[in-house]
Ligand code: UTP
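There is one chain below, alone, in structure tokens, taken in the form predicted on its own.
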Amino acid sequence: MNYNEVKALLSEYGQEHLLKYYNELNDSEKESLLAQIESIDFSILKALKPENNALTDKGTISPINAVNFSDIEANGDKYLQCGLSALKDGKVAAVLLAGGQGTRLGFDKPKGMFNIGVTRELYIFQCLVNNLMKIVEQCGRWIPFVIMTSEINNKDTVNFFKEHDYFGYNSEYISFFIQDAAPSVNFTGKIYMESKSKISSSPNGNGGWFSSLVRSGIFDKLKSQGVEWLNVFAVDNVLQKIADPTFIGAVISSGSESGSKVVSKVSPEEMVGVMCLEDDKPSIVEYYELTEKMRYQTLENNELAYKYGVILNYLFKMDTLVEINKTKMPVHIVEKKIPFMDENGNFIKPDKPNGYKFETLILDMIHMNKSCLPYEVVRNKEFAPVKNSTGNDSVDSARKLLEENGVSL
């Protein structure tokens, strides 16, 4: 788009201020600014209207059944063979969501670059590759491994993998793509600028992984290679099994469109989203959305009715994702402290929330599936999140669990 076309677009949405300093920019900066504006999905601003806000009341919530330990014990061999068959036939790819920084760990690099080792170097990325390598050895072939980064950490992440020779993984099977971003706005809906030539934006939430994957062209490549299922997981769980054949086999055998690994909650108060049914469709209720009654509700066997906590390790059928991508994902609005350039051209770093960021969430993708199979895993063997520097779900707790599972630190 040229200047006049961009100006007309901004006028349509009341965002003409984005070109206020255009004439002060050099040719390269002008080109960059116009490209940034052209890439904005302005329809996202509709989420600011109350009737379009994704944070609406839930439907009718009810408990959901899961593939639990007794079922896995009884049918594990069948699940395993079904999953291994899919892996050996090249029908499964692994997708790592790694767009964040290690800020909460006091680390200003991509979280996956954090060294969780004690007497040796052992990076979070390395832990995940090691976990995937076990499945590669088990099924006898390389599994396509796709890594989502962000504009902030892409260069560091790609270089880190190269510098460490991809931790022994075949680089021909590794791809990187950058997560799409959404603009940041003030409380009246005006898009912030970071500088005279740069729009304020941030990654569009973990629900934006699939649209970003499609935009990158990697989805079409995977499709052409015969991939039918995507195992999507977060960067911060160093103990998780990736492309787990028993999990994959259980989902495929059930005929479900998707699957979610879950753990039994340690207590009713544990702050974790739980799997459930919402209007008879699979859904995830965040811990803060659980009513007091739901939190403590029990079944006839005295187990919690809503006990299956999600760990952000999902299996999605690619054909279903294509259909989901044809519709708009629900947009969640989050108040944030957003650094910005004021109307006088000064850079301001606020000390309290001054606007909104827009996010899409992967948990909404679960509800957009007709079916999702919760699959219970042993917490101490598959759930060691690294979210904090100390305390619960921390570097210390993850190290302890890694050692319990025979990983040398």
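Whichever C-alpha set is largest while still superposing within 1.5 Å between the two forms counts as the rigid core. As the structure is a computational prediction, the values presented were derived from the model and not from experiment. Sequential numbering from 1, following the sequence displayed.
The next section is about a form of this same protein that is not shown, the form predicted together with the ligand.
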In the predicted bound form, the residue from Leu122, Leu312, Ile199, Leu321 with a non-hydrogen atom within 4.5 Å of the ligand is Leu312
Would you kindly say which of Val92, Ile284, Met148, Cys127 lies with a heavy atom within 4.5 Å of the ligand in the predicted bound form? Met148
Assess the spot marked by Met193, Gly345 and Lys349: is the ligand within 4.5 Å of a heavy atom from every one of these residues in the predicted bound form? no
Just to confirm the contact call: exactly one of 74-82, 216-224, 199-207, 292-300 touches the ligand in the predicted bound form at a 4.5 Å heavy atom cutoff, so which is it? 199-207
How about Pro144 - does it come within 4.5 Å of the ligand in the predicted bound form, if we only consider non-hydrogen atoms? no
Does at least one non-hydrogen atom of Thr103 fall within 4.5 angstroms of the ligand in the predicted bound form? yes
I'd like to check something about Asp244: if you look in the predicted bound form, is any of its heavy atoms closer than or equal to 4.5 Å to a heavy atom of the ligand? no
With heavy atoms only and a cut-off of 4.5 Å, decide whether Asn231 touches the ligand in the predicted bound form. no
Residue by residue through 240-260, which ones have a non-hydrogen atom no more than 4.5 angstroms from the ligand in the predicted bound form? none
Superposing on the rigid core, do we see a C-alpha displacement of 2 Å or more at Glu228 between the shown form and the other one? no
Rigid core fit then Lys336 CA moved by 2 Å or more between the shown form and the other one: yes
